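First, one chain by itself in structure tokens, the form predicted on its own.
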Amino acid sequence: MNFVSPDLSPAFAEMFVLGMTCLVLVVDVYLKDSQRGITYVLSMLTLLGAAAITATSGVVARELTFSGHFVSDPMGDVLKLVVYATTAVVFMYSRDYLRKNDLFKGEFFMLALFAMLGIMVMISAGSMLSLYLGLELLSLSMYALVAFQRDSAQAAEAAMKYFVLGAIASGCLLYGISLLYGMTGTISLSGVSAIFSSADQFNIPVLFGLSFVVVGVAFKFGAVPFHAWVPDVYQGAPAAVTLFIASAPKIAAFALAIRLLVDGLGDLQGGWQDMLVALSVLSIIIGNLVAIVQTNIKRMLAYSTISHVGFILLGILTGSQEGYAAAMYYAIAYVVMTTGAFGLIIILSRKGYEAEHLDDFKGLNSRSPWLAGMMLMLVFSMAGIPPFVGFYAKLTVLMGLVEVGLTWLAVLALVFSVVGAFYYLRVVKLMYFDEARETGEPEAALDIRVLLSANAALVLLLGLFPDGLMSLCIKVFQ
């Protein structure tokens, strides 16, 4: 039997990230605390190098390698570039925060890079095995990141909750995958798709396995009723870790849904569509209603995330290329908005104290009109108010629902978007109409101020000129 060496070129970015992360790990061992800036620089160079490799070796057609376990396509390239940029923004926002709280250690950057590698593997997964391996690499890194602040009992509690619930969800997903493998005899997503396209699609074992798979996808998204970990982890983890959890892994969840449900189980849409309808409706309703009563802004943004996840699922359940593109656009828009919001929380935090309560935003306009203006743009966008990107993201999803005849679902989503605007506008009211609890402008380095300004400007520009990104999202699904 002749061994055929696989084509390694589609996986050069993953190989580079793995090699550089191992290098960072070794170098960091020999660094003093005062030299941790070297770890930060090496981590940023890792992201820059990976972006250069992905951008220069982009593909125009779908390619399979590693015996079908790895797929390279335009969607994967776009999502990877978004993940690189998001991780770089997280590192920049977190740098000064970590230093102030004596957390500026190599473990943060290495765990984040390993988590990013897991996301990359999920994005390029061509089989259920590689998809699961990427998911576990991401999950294990995230569990450790949540407990990164070792002397925090709150962080340790959040990490344990995340770990226990995550283990249950991973078990459900693996059980669903094993059932599908037992019925098809293959773990290749393309192979599973080919079998279900010609076989009896909706017998009891198939629906049973499909249900467990959807549970795993829903947990990764944080969709109701698999959302219990989201507010606790968002609140319990350090703000820098929460920023990472709230952003890049949502791209991984989107990739998980597309690879597994669309690429592998697309012919079973009649089965998983109804499940996603229930998940999305519950997420939009409960996410928006429970967010109204929150006094902790990290928990409020956690329930806000749950409602946004509902919109992403709405785009996926349409089963159309336009719907998938709208969901991808929404996922990218959400990442841009949430990085800015949590970045501002980090800026307002100081040594030993996190600005995680809504009262911390009282009178922010009197302390720093610039910071208040940036937050105003971000919360308006999250609420779906034009001309910001959040409005166009919601609009494209709703239009996709109407085009496939799910008008009632579009109306329900629209109604609860209006309801959800209340808790976003409450932040605006606190910043501009309440008296400040503190005096003096919050401290922030010049590069962080520039980054936040660029973050907010991108929210506005993508709303005013959405065609470029939307066209790209549509193109990758053609």
Partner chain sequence: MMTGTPLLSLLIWVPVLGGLAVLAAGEARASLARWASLAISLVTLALSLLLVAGFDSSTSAMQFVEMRPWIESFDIYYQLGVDGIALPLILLTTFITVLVVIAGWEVIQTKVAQYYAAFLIMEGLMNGVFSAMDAMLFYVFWEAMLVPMFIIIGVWGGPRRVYATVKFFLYTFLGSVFMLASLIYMYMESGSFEITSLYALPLGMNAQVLIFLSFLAAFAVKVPMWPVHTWLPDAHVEAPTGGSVILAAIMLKMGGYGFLRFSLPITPDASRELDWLLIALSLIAVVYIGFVALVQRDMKKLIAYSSIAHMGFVTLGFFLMYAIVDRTGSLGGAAMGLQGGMVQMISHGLISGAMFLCVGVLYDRIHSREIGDYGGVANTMPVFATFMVLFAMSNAGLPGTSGFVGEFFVILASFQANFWFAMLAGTTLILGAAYTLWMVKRVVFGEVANDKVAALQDINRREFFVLGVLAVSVLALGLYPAPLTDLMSSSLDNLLNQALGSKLVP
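Values in this document were obtained by computation on a predicted structure and should not be read as measured data. Residue numbers count along the first chain shown, from 1.
The next section is about a form of this same protein that is not shown, the form predicted in complex with the partner chain.
Peer 1: Among 303-311, 164-172, 257-265, 379-387, which stretch sits within 4.5 Å of the partner chain in the model of the complex, heavy atoms only?
Peer 2: Within 4.5 Å of the partner lies stretch 379-387.
Peer 1: Contact check in the model of the complex: 411, 425 and 474 versus the partner chain, with a cutoff of 4.5 Å between any heavy atoms. Do all three pass?
Peer 2: Every listed residue reaches the partner chain in the model of the complex, so yes.
Peer 1: Could you work out which of 62, 449, 437, 429 is the residue within 4.5 angstroms of the partner chain in the model of the complex, going by heavy atoms?
Peer 2: Partner contact (heavy atom, 4.5 Å) among the options: 429.
Peer 1: Name the single residue among 41, 52, 418, 27 that comes within 4.5 Å of the partner chain in the model of the complex, judging by heavy atoms.
Peer 2: Selected option: 418.
Peer 1: Does at least one non-hydrogen atom of residue 392 fall within 4.5 angstroms of the partner chain in the model of the complex?
Peer 2: Residue 392 belongs to the contact set for the partner chain.
Peer 1: Using the partner position in the model of the complex, report whether residue 366 sits within 4.5 Å of the partner chain, counting heavy atoms only.
Peer 2: Yes, contact at 4.5 Å.
Peer 1: So in the model of the complex, does residue 466 come within 4.5 Å of the partner chain, heavy atom to heavy atom?
Peer 2: Because a heavy atom of residue 466 falls inside 4.5 Å of the partner chain in the model of the complex, the answer is yes.
Peer 1: Can you check whether residue 11 is within 4.5 Å of the partner chain in the model of the complex, heavy atom basis?
Peer 2: Judged by the heavy-atom cut-off of 4.5 Å, residue 11 is well away from the partner chain in the model of the complex.
Peer 1: Using a 4.5 Å heavy atom cutoff, which residues in 395-412 contact the partner chain in the model of the complex? It's fine if the answer is none.
Peer 2: 395, 396, 398, 399, 402, 403, 411, in sequence order.
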